[in-house]
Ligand SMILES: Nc1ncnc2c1ncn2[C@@H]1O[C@H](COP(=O)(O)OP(=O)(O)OP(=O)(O)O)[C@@H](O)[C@H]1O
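Form predicted alone, single chain, as structure tokens, below.
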């Protein structure tokens, strides 16, 4: 039987809630003061508490904090007649399960209590995941499906071969992560790993970004600057979205790949670099070659060794492993403590059409954990998040494009993290320049 403790200085509220919830089969305890409420809490160990913020002896927020710090699996619903933003934020930040304004709507209170009791029961019945929460764990790709095992074999073959690598895969399949793992397992693992997103820089400065420039090369060039190739040294240069590289720069990159030599913009001195190029594209470069949008010779130079990364819909058996990994990772980054997964969650995730692939899955887990009120990843929360896509208005064919899905993911992630771009970039598994580029491209603004 669920124990409910109600702490409020209004006798009418105590009596009304006691009668209502006793008829529902709950054991109801009441207290008119904060001190008496804490006594009942300590002695009776209730699962759910309804707590008024304004009490005659103790501030309800102080009681909330004390109860939370006991570490007991209690759900505390705050109630108040004073509706102000600051108090609501403090209460929810401290750990309140819900926040309800007076005059009380008994249906709203019942829903909150029922949900709290249900989550506690689910928590009790659900075993914890085996913890692998190691903040020092090396970067790795999660997957045990046949297609991912093939990817791992291909990565193993190329790690110590100093050849260019082309990664082909849809948005969100983990191309940058794959490039990092190849680098970390190569002979040049102690050399730099440099990321350059070809879609994030305007055409007028992309040559300077790649090859560097000499002082005075152009109006704002007040000092000599090294480019990404030079920064990579004997390490790895990861060229993301290589299909977005302008044709003029494609020609200069081809020259570098052929001779391993280049010059800075505005310079004459020939520089050498032995960096390995790992390029990535979510478009079929062979089709772009046929359309005259990508240089054929450059394509052949890049595709010396090609790895195709499968979309998530072709590796659904990996979802449980990915979810467990993301729970550990996100708990670490957001300070959440979700270590359990309700029955039915995995099946619901397998049924979804993952247009944004692994990145969309991770973003879904982030959203669920941000709004979580306990230690269990709930099916209801996953349903609510995934059903958002169905409820969004259709705006022509754009609603079904990967770009539209990606825009939604980035917008939600930024909103949930208070527009902290650095944290958002880490959770989205993209570089900060790439995030800024996508914010600009999709015209994403704070809500």
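This structure is a prediction, so every number in the text was calculated from the model and none was measured. Positions refer to the first chain, counted from 1. Rigid core here is just the name for the largest C-alpha set that superposes within 1.5 Å across the two forms.
Another form exists, predicted together with the named molecule; not displayed. Remarks below refer to it.
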Stretch in contact in the model of the complex with the named molecule, which is absent here, among 165-173, 219-227, 105-113, 287-295 (heavy atoms within 4.5 Å)
165-173
Contact with the named molecule in the model of the complex, heavy atom within 4.5 Å, among 183, 264, 75, 325 goes to 325
Taking 4.5 Å between heavy atoms as the contact cutoff, choose which of 148, 365, 349, 195 touches the named molecule in the model of the complex.
148
Would you please decide whether residue 177 lies within 4.5 angstroms of the named molecule in the model of the complex, comparing each non-hydrogen atom pair?
yes
Considering non-hydrogen atoms and a 4.5 Å limit, does the named molecule approach residue 426 in the model of the complex?
yes
How about residue 242 - does it come within 4.5 Å of the named molecule in the model of the complex, if we only consider non-hydrogen atoms?
no
Taking the named molecule as it sits in the model of the complex, is residue 213 in contact with it (heavy atom to heavy atom, 4.5 Å or less)?
no
Do any residues of 141-159 have a non-hydrogen atom within 4.5 angstroms of the named molecule in the model of the complex? If so, which ones, in sequence order?
141, 142, 148
2 Å or more on the CA of residue 413 between this form and the one not shown, with the rigid core superposed, yes or no?
yes
Which way does the C-alpha gap of residue 364 and residue 417 go in the model of the complex, closer or farther, given it changes by 3 angstroms or more?
closer
Do the C-alpha atoms of residue 48 and residue 416 sit closer or farther apart in the model of the complex than they do here, given a shift of 3 Å or more?
farther
